[in-house]
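Just one chain follows, in the form predicted on its own, and it is written as structure tokens.
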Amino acid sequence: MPFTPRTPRVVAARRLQRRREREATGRFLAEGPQAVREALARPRTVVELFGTPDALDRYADLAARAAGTDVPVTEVTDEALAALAETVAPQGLVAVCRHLDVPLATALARAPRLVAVLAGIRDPGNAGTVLRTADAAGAAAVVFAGDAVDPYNGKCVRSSAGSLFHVDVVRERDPAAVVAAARSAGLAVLAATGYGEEDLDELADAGRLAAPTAWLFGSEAHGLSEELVEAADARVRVPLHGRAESLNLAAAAAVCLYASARAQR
């Protein structure tokens, strides 16, 4: 019989919706077929796959892939799946995954040409969107620095649309240490700020975006700290040609990351 909301393994998995439990176990939930597909493509990431009978039939390829790598595939009732999911209309699959953390030194030792640093970004939807954009732009690593949101927050995982499983995910409490390490690894450190003295287009025209780069992005409400702004090699603003006062975080990050991606190619 399919597991119910009261089955111990379902109860244990549901606890992963809380950050404290995720930190204690080193595990998190990935919801929906897209996230499950990308998680299964990364070896030794998925611990267990839960699915309703209908979903496991509909996504039989994913169930078979999981079973083929010795990942338990567990049938659950619709009620149990709804308890595990955090969306209003879940798609029938939820995977329990291991944390993906990579040490900062390891990520930088791989000589990335583009890195996104999320310094104190608290909104999980924004963080997941920037992570997805960084992946699309070819960034090799995304660093969650300082008092940033948990990258394994359910909304962050969903907003990343699978990109969480494609890049090196780094968590570092000291943003200044990230800047120092990136510079030591040969990356130019650029701070994205609406008050920067450098214009993004002018940097691109001068060929200064072609070098390996770590972009610093600050929180939605307060931006980057003065300390981080001063520590960067350059403070860069996105030019505003219309009457808008500013861009939101995700839009500004997309413009900056793609400017670097174009220059590097």
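Every value quoted in this text rests on a predicted model; they were computed, and no experiment measured them. Sequential numbering from 1, following the sequence displayed.
Form predicted in complex with another copy of the chain: not shown, discussed below.
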Quiz item: Are any of the heavy atoms in T193 no more than 4.5 Å from a heavy atom of another copy of the chain in the predicted complex?
Solution: no
Exercise. Using the partner position in the predicted complex, report whether D135 sits within 4.5 Å of another copy of the chain, counting heavy atoms only.
Key: yes
Exercise. Although another copy of the chain is absent from this view, report whether A24 comes within 4.5 Å of it in the predicted complex, heavy atoms only.
Key: no
Quiz item: Do Q34 and another copy of the chain share at least one heavy atom pair within 4.5 Å in the predicted complex?
Solution: yes
Practice problem: Please state whether all three residues S163, A251 and V255 have a non-hydrogen atom within 4.5 angstroms of another copy of the chain in the predicted complex. | Solution: yes
Self-check item: Contact residue in the predicted complex, chosen from E197, D57, E226, D205 - any heavy atom within 4.5 Å of another copy of the chain
Solution: D205
Quiz item: Among 49-57, 211-219, 66-74, 34-42, which stretch has residues with heavy atoms no more than 4.5 Å from another copy of the chain in the predicted complex?
Solution: 34-42
Quiz item: What are the residues of 235-251, in order along the chain, with a heavy atom within 4.5 Å of another copy of the chain in the predicted complex?
Solution: V238, P239, L240, H241, G242, R243, A244, E245, S246, L247, N248, A251
